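What follows is a single chain, given as structure tokens, in the form predicted alone.
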Amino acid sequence: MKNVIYKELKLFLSPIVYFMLILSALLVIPAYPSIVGVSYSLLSINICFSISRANNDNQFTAMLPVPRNYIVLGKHFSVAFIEILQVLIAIPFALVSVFVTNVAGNLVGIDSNMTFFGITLICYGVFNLIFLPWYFKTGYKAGIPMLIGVLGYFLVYVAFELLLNFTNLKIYLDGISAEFVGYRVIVLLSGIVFFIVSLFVSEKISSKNFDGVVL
């Protein structure tokens, strides 16, 4: 598995990914939707899978002396790697946002706080559950799975935004006041747990789907 991960890092992940991740800096823009800054990871994933198809990446890996499910594990690792790196890079920009450029609060969506990152991880989890199992029904067609996965990602985020803005939850989950920090920590931890569980479930379903695929 170590060699498959090494192959993913060297051959699957396009250099453009690292440029896209820097776009987390968009979080510092005043009155700008924070979700935009952490959504370029999805574009990065789309680019990587498009290049992978052009290079017959899965067919190449299948010819190597490795178990078939390592292909699925490798792609799950790559997707999770991009998403987690996007979040980690976004954190310092989020701090600049809440303490410097959006001190009075973000006028367009939730502040870049722990609640935001918890929701982001949940959205990533939903995307992974839709995109990866669907993709591995063929092992090369990523277009429609990606489109539906991105749609699911944004619908979940919009649902959270509406929930916060039309209920009293906004008082507890938005902003950066120390008074309600415990509630925001709960959302963040829930997002982390959901993200991890979604990867596990996605890998199981994807492996089952991929078993019957002829490359």
Partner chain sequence: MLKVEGLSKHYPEFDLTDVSFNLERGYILGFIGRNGAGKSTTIKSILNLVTPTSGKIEILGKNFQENELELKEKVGYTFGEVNYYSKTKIKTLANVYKKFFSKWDEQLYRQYLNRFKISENKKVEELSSGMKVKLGLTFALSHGAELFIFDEPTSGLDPIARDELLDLFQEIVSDGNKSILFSTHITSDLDKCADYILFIKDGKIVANSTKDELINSHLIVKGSLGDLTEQLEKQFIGIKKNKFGFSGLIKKEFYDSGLPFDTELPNLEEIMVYYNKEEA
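Positions refer to the first chain, counted from 1. All figures in this text were calculated on a predicted structure; none of them were measured in a lab.
Keep in mind the form predicted in complex with its partner chain is missing from the figure; the text below concerns it.
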property	result
Residue stretch of 143-151, 174-182, 57-65, 34-42 approaching its partner chain in the predicted complex, non-hydrogen atom distance within 4.5 Å	57-65
4.5 Å heavy atom contact, Ile196 and its partner chain in the predicted complex	no
Exercise: Leu11 in contact with its partner chain in the predicted complex, heavy atom 4.5 Å	yes
Residues within 4.5 Å of its partner chain in the predicted complex, restricted to 1-19 and counted by heavy atom	Asn3, Val4, Tyr6, Lys7, Lys10, Leu11, Phe12
